[in-house]
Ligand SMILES: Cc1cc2nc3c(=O)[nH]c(=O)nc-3n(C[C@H](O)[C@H](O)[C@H](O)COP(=O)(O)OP(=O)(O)OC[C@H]3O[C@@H](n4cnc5c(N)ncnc54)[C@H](O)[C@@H]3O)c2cc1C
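The form predicted on its own is given below as one chain in structure tokens.
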């Protein structure tokens, strides 16, 4: 381990690795620290949708990731009455165990130094030019210094608080998932499935086919709905009642225990920057409300933070913090619209109407596709006129 780096990144998930690779390719010395040893598992839906494709293309990794992924034909949305519609989008599924290992190796190839087994415990601004970062390592405290520090520690509150970026401790969302192998079903199953099911009021159930006939199945809650539901019981109800879930589990082999994790969503609850310290990924709420997509946005924030450092390196902290904060604020309006649209999950009748109308109306289907592809504003879900057309169509 070096004593001094240009940048220290705390957390080696998609956000941290994207930032590390970008900085290293620009010639900066980077120390990438993580409390875990890799490869390591991470509770996640494992789905890659268009924004993840865009970030991976920017990193020059899209082909490598697709080589280890299960390519899919799109996303199928199910209403509670069994009606369904296919949403066209570039999509794939790859276990986070494999994805994170690939991203980490790509950062190491670019020239970063990876230091696993280092738990972040403190950050100290020594002279307004350089930070001293402290980690627990093997029962002792070790230190490293850098001009820039990027925090990519995920939803856990403690590291965010220690770094001084926390504004609100509450996580608005929560998800649980399990891996199940089913070779029979995998032969003809090539879509991401989202189910608006009454068993998951305030969220949705999902069934995502991955490589090697292993499915990622789970439920997620949004807008703090997990406070009023038991995620484990909701998952059990979803698995027991939804026809596709029943089909998967009937002769499927359970490959993992049910695991859960909180999600920080909506680009809220955390400062984006404080001096030469930048927050990236899920610790700043980079997971999308409504869809729950987090991998693409995590990588995007990591790239944007790295680009701010590269572009404003000489002017210093204030210029970098301002450039990065501006880029995050430019994303906030879209996050806010998605957050407001989460009300749908509390009204299964409305989600059912949305699916039914998307089946019949090419225009509505295009808008729903635009929601997932981020090519159109999901604000149509918030207009009275839009819902009047859907609710009273063909009456």
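Being a predicted model, the structure only gives us computed values, none of them experimental. Numbering follows the first chain given and starts at 1.
Only in words, not in the display: the form predicted together with this ligand, which the text now covers.
(message) If the criterion is a non-hydrogen atom within 4.5 angstroms, does every one of 10, 14 and 293 touch this ligand in the predicted bound form?
(response) Yes, the whole trio is in contact, each within 4.5 Å by some heavy atom.
(message) Whether residue 170 contacts this ligand in the predicted bound form should be assessed with a 4.5 Å heavy atom distance threshold; does it?
(response) Residue-level check for residue 170: no, no contact with this ligand.
(message) With the partner left out here, check for me: in the predicted bound form, does some heavy atom of residue 261 sit within 4.5 Å of this ligand?
(response) Judged by the heavy-atom cut-off of 4.5 Å, residue 261 is in contact with this ligand in the predicted bound form.
(request) Would you please decide whether residue 36 lies within 4.5 angstroms of this ligand in the predicted bound form, comparing each non-hydrogen atom pair? (result) Yes, residue 36 is a contact residue.
(message) How about residue 268 - does it come within 4.5 Å of this ligand in the predicted bound form, if we only consider non-hydrogen atoms?
(response) No, residue 268 is distant from the partner.
(request) Using a 4.5 Å heavy atom cut-off, indicate which stretch of 27-35, 329-337, 343-351, 59-67 touches this ligand in the predicted bound form. (result) Single hit among the candidates: 27-35.
(request) Taking 4.5 Å between heavy atoms as the contact cutoff, choose which of 131, 221, 324, 206 touches this ligand in the predicted bound form. (result) Among 131, 221, 324, 206, a heavy atom within 4.5 Å of this ligand in the predicted bound form occurs only for 206.
(message) Under a 4.5 angstroms heavy atom criterion, identify the one residue in 154, 289, 202, 95 near this ligand in the predicted bound form.
(response) Going through each option in turn, the one that passes is 154.
(message) For a quick check, can you give me the residues of 109-137 that have a heavy atom within 4.5 Å of this ligand in the predicted bound form?
(response) Read in sequence order, the residues that approach this ligand (within 4.5 Å, in the predicted bound form) are 118, 119, 120.
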